[in-house]
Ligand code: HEC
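Given as structure tokens, the chain that follows is alone and in the form predicted on its own.
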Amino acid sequence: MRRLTSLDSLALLIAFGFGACEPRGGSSGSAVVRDSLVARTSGSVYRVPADSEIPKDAVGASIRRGRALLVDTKDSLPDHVGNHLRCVSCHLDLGTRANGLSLIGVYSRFPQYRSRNGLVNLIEDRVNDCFERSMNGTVLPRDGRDMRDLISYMAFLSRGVAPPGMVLGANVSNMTPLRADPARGQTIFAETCVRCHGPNGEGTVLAKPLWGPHSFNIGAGMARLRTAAPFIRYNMPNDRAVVLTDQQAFDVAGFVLSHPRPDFKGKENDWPNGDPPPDVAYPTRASVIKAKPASAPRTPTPSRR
């Protein structure tokens, strides 16, 4: 991992997110973990621990390195990242922005049952899920330094958050599902998103690719309409005021997700209990079996005796 002379000054230049060109001004849009940032969401306190709370010991060193890995994921872990994304591409403002796939409270949510693999998952499982799907890469060693440091940072962000860790604003906001119109989304994309993502969604120095070989793969959560639309609605455009309506966000998401992206080997084994969400873009083995009509019972042939 390359040496960072000042993590906080570097943070001013990063965390560009799903459609970010530059960090927006103000506490909710800055990429800096401020010493006294408290964002209120629907009346509940959503607290980002102060940078001054990081201990000056081995644990503190692990927290700081974990935060650096979020920023320089591909440079620091090239063998595990298979696209042009990094953790802060989706976890905005170093994982501290409300409704920006925040990491606040994440540490307190595990162990957790996840229907996607039908198992009780530890936080290490969830981290590696992101590396395989969102980063289109390979898993980290579960007991290695990189995994420990990433989790140390997540644990730091979850200070004071009791299980089950469901802080308002910590996840992408739920929205009433709307029918997406990719044609309308294409027009909005050209007006609002091209300046950062490029005319073909290929990404620029300002923002990550949205489709094509260098983007997240089809098995990623962001490849689902009901995940992408709220993320766009509450965070994009990231360099200006967020002005898209719910319908426009669904239309843009529909346009983005209508393009090809890397495949995910083994995706057919997702949701083994046959309960995939309705916006999953691929069939699963269990859901196909579940959808097959039961064979009619055979009528016994009368005896001719």
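Keep in mind the model is a prediction, meaning the values are calculated, not measured. Sequential numbering from 1, following the sequence displayed.
There is another form of the same protein, the form predicted in complex with the named molecule; it is not shown, and what comes next is about it.
Novice: Would you confirm whether the three residues Ala180, Trp271 and Val280 all fall within 4.5 Å of the named molecule in the predicted bound form, going by non-hydrogen atoms?
Specialist: Per the other structure, none of Ala180, Trp271 and Val280 touch the named molecule.
Novice: Work out which of Ala98, Leu85, Val161, Leu225 lies within 4.5 Å of the named molecule in the predicted bound form, going by heavy atoms.
Specialist: Residue within 4.5 Å of the partner: Leu85.
Novice: Taking heavy atoms and a 4.5 Å cut-off, does Gly118 contact the named molecule in the predicted bound form?
Specialist: Heavy-atom contact with the named molecule at 4.5 Å: absent for Gly118.
Novice: Just to confirm, Ser62 within 4.5 Å of the named molecule in the predicted bound form by heavy atoms?
Specialist: Although the named molecule is absent here, Ser62 would stay clear of it in the predicted bound form, with no heavy atoms inside 4.5 Å.
Novice: Does Pro213 make contact with the named molecule in the predicted bound form, using a 4.5 Å heavy atom cut-off?
Specialist: Residue-level check for Pro213: no, no contact with the named molecule.
Novice: Answer with yes or no whether Ala155 is in contact with the named molecule in the predicted bound form, where contact means some heavy atom within 4.5 Å.
Specialist: Result no; Ala155 lies far from the named molecule in the predicted bound form.
Novice: Within 233-247, which residues come within 4.5 Å of the named molecule in the predicted bound form, counting heavy atoms only?
Specialist: If the 4.5 Å heavy-atom criterion is applied to the named molecule in the predicted bound form, 233-247 yields Met236, Pro237, Asn238, Asp239, Leu244.
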